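Only one chain comes next, encoded as structure tokens, the form predicted alone.
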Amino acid sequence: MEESGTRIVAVSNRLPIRLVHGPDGLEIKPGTGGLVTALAPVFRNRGGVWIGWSGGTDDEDVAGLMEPASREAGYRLYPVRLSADEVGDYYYGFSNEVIWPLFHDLQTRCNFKPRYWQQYLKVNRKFAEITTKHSSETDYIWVHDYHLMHMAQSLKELGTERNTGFFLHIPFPPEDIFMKLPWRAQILRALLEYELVGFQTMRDRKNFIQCLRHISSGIRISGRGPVVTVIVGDKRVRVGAFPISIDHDAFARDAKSKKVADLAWYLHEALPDQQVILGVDRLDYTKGIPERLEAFKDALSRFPELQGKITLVQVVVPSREEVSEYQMLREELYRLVGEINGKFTRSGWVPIHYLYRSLDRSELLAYYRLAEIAIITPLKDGMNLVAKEYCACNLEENGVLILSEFAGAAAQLHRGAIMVNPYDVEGMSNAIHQAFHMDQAERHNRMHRLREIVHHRDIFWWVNNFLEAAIAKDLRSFPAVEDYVPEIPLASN
């Protein structure tokens, strides 16, 4: 994105593409995940830059794949190449065995190995070096998520002068949990090197400021509202809450397409005279999938009128299958699904349809349109865009959203959803029963309210809010050019 030499340079752990080994060697496929879903449509054809790890290792030559990928994306892509050791200790180690569980209040799953921290610093510096190489002093550097909390400090250590902002896509934990991190002071001071630090919710922002007060008694707060200024000595850092969202209009438009409508009808014919309750999650222990399955089993037991009349379609997208904890979770889910289906299945009805795979966009939207109920019950989540996607695709406004109190989306969607505590199996079971019996008028009123929120607080609203707080500009300063083709000077690294 550029205006008078100004561009937005997004920096994230992963590029918005992924490398796949095909029959003819390495191939480029579109990326997945909330960040790509959210930002890719905003960046397209605006002249921006995206820097991130390609997903490969140093022995894979990815530079030649970047030019066609950049032309397809509509913005420049520059890869950061990581060795196998760096991937192991920075990504699987510090990012996913320390920060991920800690920030989701699951500190007993943390593995505080000192070498993980050293590799985290090393890789953050590597990202800073690539960013220095492919940006200019007039660019705005927008760094995303917990993998790169130290990058602004690395830029300063390199002598690189850039205006930088950081957005944390996962929750920020309360003080009593964050303070268990051995490198707590270093992380907090590194975040204060950004000019703007953004969080998903006001609760996350509050937790961050409380942790800052723990390491420095001289903290002062100036201002009111979603964005305030934190003053530490002579350092002034803006800190705000910016709930991320989706491209509502694109989801609604695609859900309305004939292809999706036909597929939804085909799926519905396979499940006649039943209400479909849908769960869509990445394989992860924070998503509360075992607890949800237990709640569904409890509902079938306590409310026998549901048997034969409701079907749970649970989609689990494979993730981090190299990690033993994720392998054990996968096996636990297979066991639970088998146990429930073994107990309740009868002629013409199987209670759980379990899909352990990725869905393409049309198939996902068809399931959103098919489902009368969506159940989204993470133990803790930064936002959870699936909740918003389901609402955007519920064109008839007859669906019911069951939502965890501990999803970031709850702050915006709590008045239209049925709110549940994901640790309360009977409470979730009661919510399933309530959703099943909810009359059409209440369904419509609730879903209409939810869709209005998602429509008016979409991804473009989110980006505008962040940019206005960061550089006093919005997306109108970076107009999209439909036939924009980026010039790609290939990176030597």
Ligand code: GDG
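Please read these numbers as outputs of a predicted model, since none were measured by experiment. So that there is no doubt, residue numbering starts at 1 and follows the sequence shown.
The next section is about a form of this same protein that is not shown, the form predicted in complex with GDP-alpha-D-glucose.
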### Contact segment among 356 to 364, 322 to 330, 86 to 94, 109 to 117, judged by heavy atoms lying within 4.5 Å of GDP-alpha-D-glucose in the predicted bound form
356 to 364
## Note on the structure
Contact with GDP-alpha-D-glucose in the predicted bound form, heavy atom within 4.5 Å, among Ala299, Ile289, Val386, Ile141 goes to Val386
### Summary
in the predicted bound form, the residue from Ala261, Val317, Leu158, Val350 with a non-hydrogen atom within 4.5 Å of GDP-alpha-D-glucose is Val317
### Task
Give a yes or no for Trp100: in the predicted bound form, does one of its heavy atoms lie within 4.5 Å of a heavy atom belonging to GDP-alpha-D-glucose?
yes
### Task
Give a yes/no on whether Arg81 approaches GDP-alpha-D-glucose to within 4.5 Å in the predicted bound form, heavy atoms considered.
no
### Query
Any chance Asn430 has a heavy atom within 4.5 Å of GDP-alpha-D-glucose in the predicted bound form?
no
### Query
For Val197, is any heavy atom within 4.5 Å of GDP-alpha-D-glucose in the predicted bound form, or not?
no
### Full three-residue contact with GDP-alpha-D-glucose in the predicted bound form, heavy atom 4.5 Å, for Arg7, Ala40 and Thr164
no
### Message
Given a 4.5 Å distance limit between heavy atoms, list every residue of 157 to 176 close to GDP-alpha-D-glucose in the predicted bound form, or none if there are none.
### Response
His169, Ile170
